[in-house]
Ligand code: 5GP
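Okay, so here's just one chain, in structure tokens, the form predicted alone.
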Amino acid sequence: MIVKESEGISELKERLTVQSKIVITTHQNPDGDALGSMLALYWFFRNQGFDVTAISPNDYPEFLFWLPGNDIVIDFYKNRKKCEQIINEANFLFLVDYNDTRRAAEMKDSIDAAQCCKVMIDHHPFPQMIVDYSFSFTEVSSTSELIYEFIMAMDGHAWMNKSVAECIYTGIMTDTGCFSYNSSRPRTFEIVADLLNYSIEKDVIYSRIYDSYSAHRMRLLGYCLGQKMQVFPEYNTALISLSLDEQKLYNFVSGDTEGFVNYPLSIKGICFTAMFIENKDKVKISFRSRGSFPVNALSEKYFSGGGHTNAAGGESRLSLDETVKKFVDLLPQYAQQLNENMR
């Protein structure tokens, strides 16, 4: 067990007492793994009687509202003063599914200023945060998988229940694209097998995540694939872009484009995709790849981002058209690498 062997796990366990005030945070625009890992850890501590609070930098997609504990999550963006006070009074601050406080957006200053014990649990490469305890392993499928390992390393099996298991399973399932990538380790499936022992209904969880979209979202997907997808077969690449006006046309809400970037990977000969979504002050970018093509390296070098080899994010302060052009102009220098990746 990777966490069990980590330095500091025994010491941290001794320092944590039921009198401790624990705050758990995650990154901006939380996805299934971010919210799943945060709430799984919340229930683990809550089940033991700890004073624990979960704070999100901002809101998250409606299809995650069903998760147990959703109603206790405090939105920092909407409750700034309250959250600042809670973080300031914390004894332990857990930072899950991110390794750079810049990813916490407006919550960054509060986290940086906090004088409490900080614990990072994350699976992204190249940590940037200074913390007291770091449980960072890039080889795991998701932070939620790492939360399971953390709980077991803390001898916390007795505090596992259906709520914890549902949150962990949701994080693992969503961060692996329903086990289609980042899920080749046997240990991942051993953990999933154990989660099933807590009476979770995996098919119901899948349906709650992937079968709860609006009709507007389905029409938006059709529009993106039919009108906005560009394919560059010579570079084994495809992209989708979406402007603010187009989002308004389809009554866009947070989470509506979740997974859109993966669809072009189903095209024969395509191993690299990108999705460009215009925001008011920047363009948000998602990258995906198959094989060994490192989208995180490209994102970090040109789009102020990072992530995993096959899944990364970035952003641009250029206009949407300028950002897309910049990306397309980069493709020739990666042509050989992308072509070799398809062999």
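Bear in mind that the values here come from a model prediction, so they are computed numbers and not experimental data. Note that residue numbering follows the sequence shown and begins at 1.
Heads up, the form predicted together with the ligand isn't pictured, but that's what we're talking about next.
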Does the ligand get within 4.5 angstroms of any non-hydrogen atom of R208 in the predicted bound form? no
Can you tell me if G314 lies within 4.5 angstroms of the ligand in the predicted bound form, counting non-hydrogen atoms only? yes
Does the 4.5 Å heavy atom contact test between H124 and the ligand in the predicted bound form come out positive? yes
Would K284 count as a contact of the ligand in the predicted bound form, using a 4.5 angstroms cut-off between non-hydrogen atoms? yes
So if I measure heavy atom distances to the ligand in the predicted bound form, which of the stretches 37 to 45, 66 to 74, 301 to 309, 52 to 60 falls within 4.5 Å? 301 to 309
Listed by sequence position, which residues of 96 to 119 have a non-hydrogen atom within 4.5 angstroms of the ligand in the predicted bound form? R103
